[in-house]
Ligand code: 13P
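A lone chain, given as structure tokens: the form predicted on its own.
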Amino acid sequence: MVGVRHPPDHGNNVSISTVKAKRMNTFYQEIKRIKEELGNNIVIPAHHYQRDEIVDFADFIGDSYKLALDCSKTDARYIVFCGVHFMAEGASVLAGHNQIVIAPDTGAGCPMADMIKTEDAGKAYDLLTRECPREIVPVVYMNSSAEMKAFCGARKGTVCTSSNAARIVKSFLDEGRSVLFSPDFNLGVNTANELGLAREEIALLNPNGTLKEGYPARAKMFLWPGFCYVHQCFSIEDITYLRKEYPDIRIIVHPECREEVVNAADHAGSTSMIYNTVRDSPPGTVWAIGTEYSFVNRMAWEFKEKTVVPLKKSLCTDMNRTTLEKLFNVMVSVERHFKGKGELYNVITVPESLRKDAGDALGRMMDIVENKVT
């Protein structure tokens, strides 16, 4: 990383908080200057779960699907992606060969994405291909590695997000095929419920790719046992407590939450759906949001004419790894590279051996969702 010069020690006359505030202001002003200087040569996409000071610099903000779509449309030379690693990988797959994707923190990962490996997915796919009477199509959640996206792309499968999972899965079921859905079990079972699948049409898999005992190989959806720890923590008790505290409250949760939580809520949907629903609701309405706390807190500040509270404070530590200082460091790196005076830091690349298949999976998702596939 680029070194940051620390302010001089002024002794006890200057508080630590004052010094820190000055440093943060320096970072803020420098990021702003570099962004203005590079103009159309740089874009900064940011996920809704990012810190407020990062979102302030975003050219576009959204959930994983919107960011993937926006990144596929930009012509900027530098894409400084403020999210987690799998999102930056996705942007790299969709980027042109003259574009460069950079992440402020390459260590910002996703535990759920790590809950499935391609070798285990391969075991499941081969097993189900042999034993299921229907053709198997692998569908992987956006919260996954480039390897898993490529795995799906190579087998004529696709990627999905929480905003389009039902539409993606339905498109394959309507063709008479079965879906191997990974890695998020909760999103999978909630999607199956939304599509009206019976319990006997859903089968569960083990983490090693084998079929869980007692489940048939003739199912329509086969679900991987992964989960998001941020959303897994919400409970029926949280909903019950807030309904007592606020008689007129509306509960809206992300479909990565447990099945019983989604069923007990008033609404469930993607991050963008949550944001739009609260934004468009009348003044004076009361909302409890079951998703990442930074995002909920930002909505509470933005929609002051409404009451917005978290279902429970659940923070994504990986999303919060991107700080103003880390963004400053990579922006300095970009500026130097643009002027031909230095190397870039934290460049995100996807091997060519994976790029085409992962791109096919992402492109197939966009084709289905953007009405290019009937």
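In this text the structure is predicted, and so the values were computed from the model without any measurement. All residue numbers are counted from 1 along the displayed sequence.
We do not show the form predicted in complex with 1,3-dihydroxyacetonephosphate, though everything after this point is about it.
Open item on the list: Is residue 86 part of the interface with 1,3-dihydroxyacetonephosphate in the predicted bound form - any heavy atom within 4.5 Å?
Closed with: Result yes; residue 86 sits at the interface with 1,3-dihydroxyacetonephosphate in the predicted bound form.
Task: residue 329, heavy atom within 4.5 angstroms of 1,3-dihydroxyacetonephosphate in the predicted bound form - done: No, residue 329 is distant from the partner.
Open item on the list: If we define contact as a non-hydrogen atom of the residue within 4.5 angstroms of the partner, is residue 64 a contact of 1,3-dihydroxyacetonephosphate in the predicted bound form?
Closed with: Within the cut-off, so yes.
Open item on the list: Under a 4.5 Å heavy atom criterion, is residue 149 part of the interface with 1,3-dihydroxyacetonephosphate in the predicted bound form?
Closed with: No, residue 149 stays farther than 4.5 Å from 1,3-dihydroxyacetonephosphate in the predicted bound form.
TODO: Have a look at 178, 171, 271, 190 for me and say which one sits with a heavy atom within 4.5 Å of 1,3-dihydroxyacetonephosphate in the predicted bound form.
DONE: Comparing distances to 1,3-dihydroxyacetonephosphate in the predicted bound form, the residue within 4.5 Å is 271.
Task: Heavy atom within 4.5 Å of 1,3-dihydroxyacetonephosphate in the predicted bound form - residue from 92, 143, 186, 294 - done: Flagged contact: 143.
TODO: With 1,3-dihydroxyacetonephosphate left out here, work out from 345-353, 45-53, 28-36, 331-339 which stretch has heavy atoms within 4.5 Å of it in the predicted bound form.
DONE: Checking each option against the 4.5 Å cut-off leaves 45-53.
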